[in-house]
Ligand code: ATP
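One chain is shown next in structure tokens, namely the form predicted alone.
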């Protein structure tokens, strides 16, 4: 496929925010796509040149892109930036410069390049080359490569290619929308969406899954297994209002483990290579060298994929340190010094792959026994989470109280005969947490959608309040649930301002459904943990909206930021909010 054809589809996608239209447009694009390019197209429509978990970023700031645009079309960097400030979008700026009459000579000179048109693969490969430049001279290499690429592209293609290195290709397309479109393109309907999603949950690589699907069909998808190096989308837990309800749901016997308040991590071991992924599939190996070293020395397996919780822990006092201390380990600089001052311990709680075999279909009992074999007692860094087999509400309460007194969040309760459900939510796992306040059975993970300007003493922060929402899984969008202005310290207000300035957009994002207009919108990327007294009905919020009334959080307060720990699509869903709303009445 010519990239100019893909750019035409970019234009169509950009022109709508309606999910059904997005799915229809994408399915037509996929039908026209060559099988060998379908994976690259899946990455490109999300503004990437690799799956999200791979640490491959184009890494170009506005000034670098402006320099490349200027070099391509005969302008200085300062002139390009001046145009950009007036336009508000570098892609539109570049497109306008291409079309200016005094640049026709440049266009004529390069017409032989772009009239035939570069292919999608050719453009993808050049962008990937830019992402992989490193070391001395990197800036010049990136700028010159992008400038040379832009010279060979038509004006519409230029507009969209320029936005990719800046991360400003905002088409409002989430993974579920892509999966629906892939099924529609191949089958004429969405019946294979669950099969595609299952393969995606095992690999977290939508481009790879799309390529297998288009080459080998449904049979190829069914053959996809876990692979060391490709993170598995984590299993999720349900909530229950009290211990008695847990027993009713889980049966005669079940497993209970402490619920740690740290980083959920997934460890991949392949011989002497270790990779560590965060809950949101980010490669964190570089940040946790002590954990990687512990895996190599203490995990008794040639190949393995394990899940656990990494937490700052004092082995001498057997004390779990607060989450605020653990978060200090997420950093890009002075990693070795911080690791020495604040060592982490990983408490492993599940194993998904062992010595070449995917074991997610094995029961919890079998997986636990295998985990105990590869994580011996007495390890210093990679330990195994305590597990008790219990059967009564009283035992749940006793274990829960022990965990809370140790500074932990509560318990994870698991069915003994359940497999590991990658990316799935169900009653095979139940989280039983200490409610921070009020009557809610749990906190709510919300997504930052917009910011209100500060007033009074908050003027200095630039932020007076936040518009937050939750994930609407049926429509692959984000819906509002409350305005948040309490629970933030002065430092957190400053932090929100810094984050929001990087994500600020000029208009309401395509994936946001809101009746409320904040001072300005932000891209829905940051997750905040919030607690509230209760969930009520509200005519101004869109979460679970029916007949003009949605759900809202009453007296919401911030618990903590989870911007690097969770993807926005893994925040609390509308269906979960409905369950929490119903649980309130069962608790009373």
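On a predicted model such as this, the values are computed, not experimentally measured, just so you know. Residue numbers count along the first chain shown, from 1.
Same protein, other form: the form predicted together with ligand ATP, not shown, and the subject of what follows.
The stretch among 68-76, 462-470, 152-160, 421-429 whose residues place heavy atoms within 4.5 Å of ligand ATP in the model of the complex is 421-429. Residue contact with ligand ATP in the model of the complex: residue 445 places a heavy atom within 4.5 Å of it. Mapping the unseen interface onto this chain, residue 562 counts among the residues with a heavy atom inside 4.5 Å of ligand ATP in the model of the complex. None of the heavy atoms of residue 180 is located within 4.5 Å of ligand ATP in the model of the complex. Looking at residue 309, you'd find a heavy atom of it within 4.5 angstroms of ligand ATP in the model of the complex. Contact annotation: of the candidates 354, 247, 81, 237, the single residue with a non-hydrogen atom within 4.5 angstroms of ligand ATP in the model of the complex is 237. With the partner removed from view, the residue among 483, 193, 259, 415 that has a non-hydrogen atom within 4.5 Å of ligand ATP in the model of the complex turns out to be 259.
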